[in-house]
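So this first bit is one chain, no partners, the form predicted on its own, shown in structure tokens.
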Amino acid sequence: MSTEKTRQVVEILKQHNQNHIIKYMQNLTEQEKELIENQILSIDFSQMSELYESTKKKIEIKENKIEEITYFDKQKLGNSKKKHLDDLGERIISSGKYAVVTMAGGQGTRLEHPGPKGTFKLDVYGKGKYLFEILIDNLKEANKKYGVIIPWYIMTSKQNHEETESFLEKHAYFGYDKNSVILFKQGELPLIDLKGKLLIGKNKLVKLASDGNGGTFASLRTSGALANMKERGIEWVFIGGVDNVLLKMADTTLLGLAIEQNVQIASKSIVKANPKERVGVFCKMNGHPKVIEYSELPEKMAEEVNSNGELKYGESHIMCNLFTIDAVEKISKEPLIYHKALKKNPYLDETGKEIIPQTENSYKFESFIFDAFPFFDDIAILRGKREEDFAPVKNKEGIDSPKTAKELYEKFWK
């Protein structure tokens, strides 16, 4: 039975060189066909073509347009300056104009943890604490200190939304006010193979993956979470990840610095451990703030030092960012650049047979939160300390693992 919708879908697929899906659809039931047709009509094929073309281009950093960025060292502020900044920040938080966003769309795959990353239990003090619980402790402490309940927005993914929600329900939100916790879903983009063809997943639909943490802004807007913030009178929004157990989500010094410097965005950094550490670093490019990924920074620049003998590009981005609500709204309407990642993804061929690839066979596209920085003229950067601000849980073993995070967490709270 060929309907007008089917004809339209076939036309789109032919036009964009996706004939393998037309063949694949011939073996589907009417119900399965209906689902994949609806999905295909919602895909922006022009965007996917552009993204595929971008995979053929090499990223070039033109060194002459890059300069080092100004930062303020928290350890060297002096008591009166720090108190002044803290007072500015405290005024905003205690008047209920501050909200926190946690990016928690990832699974604990690299940790070999079956479930959302936030549900991973870190073995601290013998009894252990979940990553979500550690963040809630941090928020509860700020609430007590400033006499408020900070609204907490959690970005999940399509994959882990229900599991995250039921986990928090089961644990009664670890004592946090349920009415102040808002969950919203991250956006997704199709996966394509190395020739630009869409992949079909086991669920008989086009395979999708989260569009990166840069998608947070658009997802806040499309989900209604941004409108919710505005209704609550929020003026400043902190955005951080779920996996840093030393993350200060209500840092009055950082907030005060942003207010004093009269900027719309602020970020906390730590000094790069060495020139080869695999972290993105802050700089100014063409007069605008930017973070350059370690893979994109030429080796010569990574090793450059300034007159103080410090790395010229040594301020690491640690996913500890602050935005005015106006900045969040502005970014949410702007298209961010996408970065490609080569991945190994099983898929169904046009006969419906599952193919398990032996090598990387597909591109995943992600935008990063710091891709929004160049929209602004300036950023306030507060340099923190690794042992006080950065203990991520990313790898099963070695650096940034549960073992290193546990040590840093227990040492800090001692």
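Numbering starts at 1 and follows the sequence shown. Fair warning: this is a prediction, and the values are worked out from it, not measured in the lab.
Unshown form predicted in complex with uridine 5'-triphosphate (UTP); subsequent notes refer to it.
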A104, T109 and M155 all contacting uridine 5'-triphosphate (UTP) in the model of the complex, non-hydrogen atom within 4.5 Å:
yes
Which residue among T252, S269, S210, N321 has a heavy atom within 4.5 angstroms of uridine 5'-triphosphate (UTP) in the model of the complex?
S210
Ok, G314, P190, G241, P151: which has a heavy atom sitting within 4.5 Å of uridine 5'-triphosphate (UTP) in the model of the complex?
G241
Is K276 close enough to touch uridine 5'-triphosphate (UTP) in the model of the complex, meaning at least one heavy atom pair within 4.5 Å?
no
Residue contact check: K394 to uridine 5'-triphosphate (UTP) in the model of the complex, 4.5 Å heavy atom
yes
Contact flag, Q186 vs uridine 5'-triphosphate (UTP) in the model of the complex, heavy atom cut 4.5 Å
yes
Indicate whether uridine 5'-triphosphate (UTP) has at least one heavy atom within 4.5 Å of a heavy atom of E68 in the model of the complex.
no
What stretch, of 302-310, 230-238, 283-291, 212-220, brings heavy atoms to within 4.5 Å of uridine 5'-triphosphate (UTP) in the model of the complex?
212-220
Would you mind checking 353-367 for residues with a heavy atom within 4.5 Å of uridine 5'-triphosphate (UTP) in the model of the complex?
E366
